[in-house]
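Read the single chain below, which is given as structure tokens and is the form predicted alone.
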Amino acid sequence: MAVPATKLKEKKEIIDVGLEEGAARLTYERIEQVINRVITAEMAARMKVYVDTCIHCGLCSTACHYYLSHGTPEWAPVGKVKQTMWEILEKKGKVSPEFIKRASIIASTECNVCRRCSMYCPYGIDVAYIMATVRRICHLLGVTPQYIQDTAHSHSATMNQMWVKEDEWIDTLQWQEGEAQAEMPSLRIALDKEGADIMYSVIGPEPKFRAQLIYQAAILMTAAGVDWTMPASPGWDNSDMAMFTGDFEMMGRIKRTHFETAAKLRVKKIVMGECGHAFRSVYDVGNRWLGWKMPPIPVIHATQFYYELLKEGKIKIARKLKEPVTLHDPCNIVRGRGLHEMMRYLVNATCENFVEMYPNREQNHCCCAGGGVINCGPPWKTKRVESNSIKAEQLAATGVHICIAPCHNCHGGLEDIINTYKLNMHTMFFIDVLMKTMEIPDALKA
């Protein structure tokens, strides 16, 4: 199945007020001061080792979806580092406001910090860490794409990325509880229940745009007989755009609130919904910024939760999905956590005809939406979709019409690719598949 030819729009300069106005306020002195602060106080020896070790071999090029889609050297991971961090270090921070604006564009809209390139590097250089540090410098200088910065501001004001007020959050949970009770009269979404086995947490877009996922989670929890709760106060949102803007101070506040909410409720474990970047923030980045090697309360992704429920017989499959499906491996729960075999167990348990994408598992191509790139907003959408024609080819080669992807940003990125390249596919979460295939005990039915 070939990817249909796509007529690309005429190239024009992208104007982003966050970048333009931020760069206009800068002075050479301010830039040098901030860069040297980051170099001396935050980067330590790790960055120097990476930069000094790189032999410019270019093997990382074939790992990057941007390079594979465009084919010119500046899109290669090593090319992006050369245009940003190498010059920053070589000039000891003596760079221009225009340079900082360009560095922010490269780091925020031309790299998904997906870490695929690190697997191809013979020395294991973590390019994602390098580009995240470039974002950190740009954030401290106030030069960040406007849309993602607005989202980080929402986090700082409301502790969720969608400006959902506390009463709106509770209203949404009660609304979804009422909807689900039409199917299961005894179902409850327990708010702030102390001592429950599980605190279930979601990302901000769920109550705003995908409330049905909360409904479906309530059905699943009830059918499986799980002792669970959801928080009624801030701390319910596990998403974290501040992590991707380089605002680590705000990231720390978000994660501390999340963990403190779980501690206050005295739950045994946190189960996170189907989101990749939020899991990365809670399990691998935010916790470590706060000084915890591992989260202070055990955290698992929804994929692992569903896997354990099936393996333990707490939910049973009544029928399998007959239509052929493929599976997208989200970077943050595969390269970042190794859940790829659990995902395949779920697919094979619920679907009759599973068609693998190639490459797959930890070799899978990124959706080009994660890492905060999709959150940079509409001005950058065309660039983002054109930069992942390789993913369109990978999807089209399966010949199927359903792609399962247990991650919100992956859904956004894949749907944009599917629509732009006219692939005649649609995406599903694992919870969508389970709702179509799992057995509902007769005692619970309406």
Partner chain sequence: MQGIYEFVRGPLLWLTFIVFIGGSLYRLISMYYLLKKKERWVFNYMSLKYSLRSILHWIIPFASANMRQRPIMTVMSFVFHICLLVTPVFLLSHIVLWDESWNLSWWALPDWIADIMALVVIGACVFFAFRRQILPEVKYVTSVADYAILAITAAPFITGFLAYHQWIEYRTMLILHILAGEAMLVAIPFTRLIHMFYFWFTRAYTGSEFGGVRHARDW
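These numbers come from a predicted model, not from an experiment. Numbering follows the first chain given and starts at 1.
The form predicted in complex with the partner chain is left out here; the points below concern that form.
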Legend entry - Location of the partner chain contact in the predicted complex, chosen stretch of 201 to 209, 278 to 286, 367 to 375, 93 to 101 [non-hydrogen atom, 4.5 Å]: 278 to 286
Inset, instruction - Report the residue, out of T257, T222, S118, Q181, that has at least one non-hydrogen atom within 4.5 angstroms of the partner chain in the predicted complex. - result: S118
Legend entry - Contact assignment for the partner chain in the predicted complex, among W175, W163, Y358, Y129, heavy atom within 4.5 Å: Y129
Inset, instruction - Would you confirm whether the three residues A45, V78 and H340 all fall within 4.5 Å of the partner chain in the predicted complex, going by non-hydrogen atoms? - result: yes
Legend entry - Partner contact for D52 in the predicted complex: the partner chain, 4.5 angstroms, heavy atom: yes
Legend entry - G195, heavy atom within 4.5 angstroms of the partner chain in the predicted complex: no
Inset, instruction - Answer for E74 alone: is it within 4.5 Å of the partner chain in the predicted complex, judged on heavy atom distances? - result: yes
Inset, instruction - Look up in the predicted complex whether W86 has a non-hydrogen atom within 4.5 angstroms of the partner chain, and give yes or no. - result: yes
Legend entry - Residues in 56 to 71 with any heavy atom within 4.5 Å of the partner chain in the predicted complex: H56, C57, G58, L59, S61, T62, Y67
